[in-house]
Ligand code: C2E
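The chain that follows stands alone, in the form predicted alone, written as structure tokens.
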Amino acid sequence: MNRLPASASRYIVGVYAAAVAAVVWFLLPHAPLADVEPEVLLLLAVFTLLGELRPINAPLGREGLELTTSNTFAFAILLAAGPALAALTLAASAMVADVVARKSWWKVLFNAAQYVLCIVAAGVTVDLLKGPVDESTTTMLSSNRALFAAIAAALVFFVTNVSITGVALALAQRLPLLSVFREDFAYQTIANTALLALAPVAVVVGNANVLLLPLLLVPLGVAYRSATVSLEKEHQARHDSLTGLPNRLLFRQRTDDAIQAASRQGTIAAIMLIDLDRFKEVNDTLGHHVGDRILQWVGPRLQEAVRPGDTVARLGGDEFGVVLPGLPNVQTAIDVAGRLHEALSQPIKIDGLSLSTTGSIGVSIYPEHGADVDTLMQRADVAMYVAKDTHQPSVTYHPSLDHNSPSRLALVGELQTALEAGQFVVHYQPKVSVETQAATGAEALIRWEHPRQGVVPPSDFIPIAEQTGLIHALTAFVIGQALGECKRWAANGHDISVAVNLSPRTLLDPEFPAFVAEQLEVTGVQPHRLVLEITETMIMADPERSRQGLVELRRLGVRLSVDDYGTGHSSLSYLKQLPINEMKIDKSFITNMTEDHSDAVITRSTVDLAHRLGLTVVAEGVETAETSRLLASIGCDEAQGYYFSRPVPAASFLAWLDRNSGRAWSLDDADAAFPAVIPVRSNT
């Protein structure tokens, strides 16, 4: 009980107190009816106890449904002998069954208390609606008025039972009360209607001949089975047949419930979409029966990682969904995503094989990312695919991730036209020797000069190009332009290299090395003057195929550079196995290294270790002379950043080379020399 929310604990104590008050106020003064044979009451009491001891547990509703026949016979005792004996019999039977089932003490008392309240509510209804008090039981049930009283009492018993347990469940799991009733009420109605309807019959049969009472178990069993079948059909309509988890239909309903509750309570809600990684490979290699067993294993593991009241659903195939209602903040959702990923990473043994699986998790938050189910699911889906593409455990949605916004969708149709119309240009940012300040190379950076929108940043159109396949044409354009400029620089006495960024698709393209070889031959540029930049994330996405592509490129004589080092998941020990020549330390470690001692220590350690591996080190994001001097003191080889120059058009870059070769270059000088430089959003 200590783990329950305070509101749930107070409610349970209130149920205890109400039950005690009901006993004192109603049950103790209520004299039992004396016209029923003792053996009939004894047999009804025995059947009540057996019904509690032998329930049927159905995986229905939020907590599962426990079907028992005890209510039938306890309600019969109420009609035959009054509420006092009925309450005593049902509460005692429930306590015995709960103790045998080893339920916690507070659940034992709660179940007994709620049964007492149900019997009292039904007893009050009978007293108000039945005929004269001295009327015999058999006669009472024979009159229309008394029969109406019995039916009304059964309805009150049922509603009281569902209400007490429903409120407890909603408070304990922080669920919307209306959604709990809406989902569980149908199950409870189907299960209890047939069972309670037999109670008056049991009274009449028992009074006629006690030996006929056991025969009532036959129609009771039929009713029991009928209710079970109906419940199973209802369950199948909203649950996945393989895993038993809620399906997409129930997932959407639970999401809507969470949204409504968060709106009323002023909290937030989160949904997560989880896609298993490389699941198709498991099916293709080991067979679908192994894949099915993995899916059956995933559900319980995910449920262990979330709170009571959270929903884990299977949406289809290898995709799962999670609904988290009533969250205090976004960080809580991120923490749950971490636990889910960790749960998925645990190995599973199937047929003697130890298998492991991972998942990509996308998170969206109400109300920040959407106010309806469809929007939240779409944005969680966007985040999930970003997590999969970047090999991150989980990603929380952000508008910058969504390549399907109306403005970006408009760019899809314009990319090919823009390429043909010459709207793409290449700018160049110098790389200089930290020791001599002389230019050693340049990085080629593509820009889209859109006729209406102005300069479109690469972050807006590169993802679209990758999705549509135009990334190959854009990369070919940049390499062609960059090698042409490199040849021009050499003709003007500047024997420097040019670097081009590669996308994951390009690196894994088996025809790309042949294209590079052709371009080198056509332009006559020496292979070692071309530097191809890749990222850690790109390498780790498919390590083996990436390595094969890098080896083929290295055989051509081009140089290979790892860009943005420190922001991915690889290590220098892993990079040692790759045929790379250069490492570029990400600007996040460089920009503030003169003020942040930790950044300076990390940079120094990285430079030292990279040199031991024979790599040239380039620092990105250098904006001050002080940073440049500090890099020189720790042995960094090269640098680039605004301190030397922003990215500039080809003609301006050649002018920069002609005027400033071999001398220090300041940011002020750069601004004075190129006042009309097109602004960009990042150092590189």
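Residue numbers run from 1 along the displayed sequence. This structure is a prediction, so every number in the text was calculated from the model and none was measured.
Omitted here: the form predicted in complex with the named molecule. The next part is about that form.
Among 557-565, 107-115, 354-362, 480-488, the region lying within 4.5 Å of the named molecule in the predicted complex by heavy atom distance: Heavy atoms within 4.5 Å of the named molecule in the predicted complex occur in 557-565.
Could you check which residue among 462, 172, 507, 164 gets a heavy atom within 4.5 Å of the named molecule in the predicted complex? When the named molecule is considered in the predicted complex, the option within 4.5 Å is 462.
Work out which of 458, 299, 549, 82 lies within 4.5 Å of the named molecule in the predicted complex, going by heavy atoms. If I apply the 4.5 Å criterion carefully, the residue I get is 458.
Would residue 52 count as touching the named molecule in the predicted complex under a 4.5 Å heavy atom rule? Outside the cut-off, so no.
Does the named molecule come within 4.5 Å of any heavy atom of residue 642 in the predicted complex? Residue-level check for residue 642: yes, a contact with the named molecule.
Against the named molecule in the predicted complex, would residue 71 count as a contact residue? Criterion: heavy atoms within 4.5 Å. Because no heavy atom of residue 71 falls inside 4.5 Å of the named molecule in the predicted complex, the answer is no.
Using 4.5 Å between non-hydrogen atoms, is residue 530 touching the named molecule in the predicted complex? Although the named molecule is absent here, residue 530 would stay clear of it in the predicted complex, with no heavy atoms inside 4.5 Å.
If you apply a 4.5 angstroms heavy atom cut-off, which residues in 502-534 are near the named molecule in the predicted complex? Contacting residues: 502, 503, 533.
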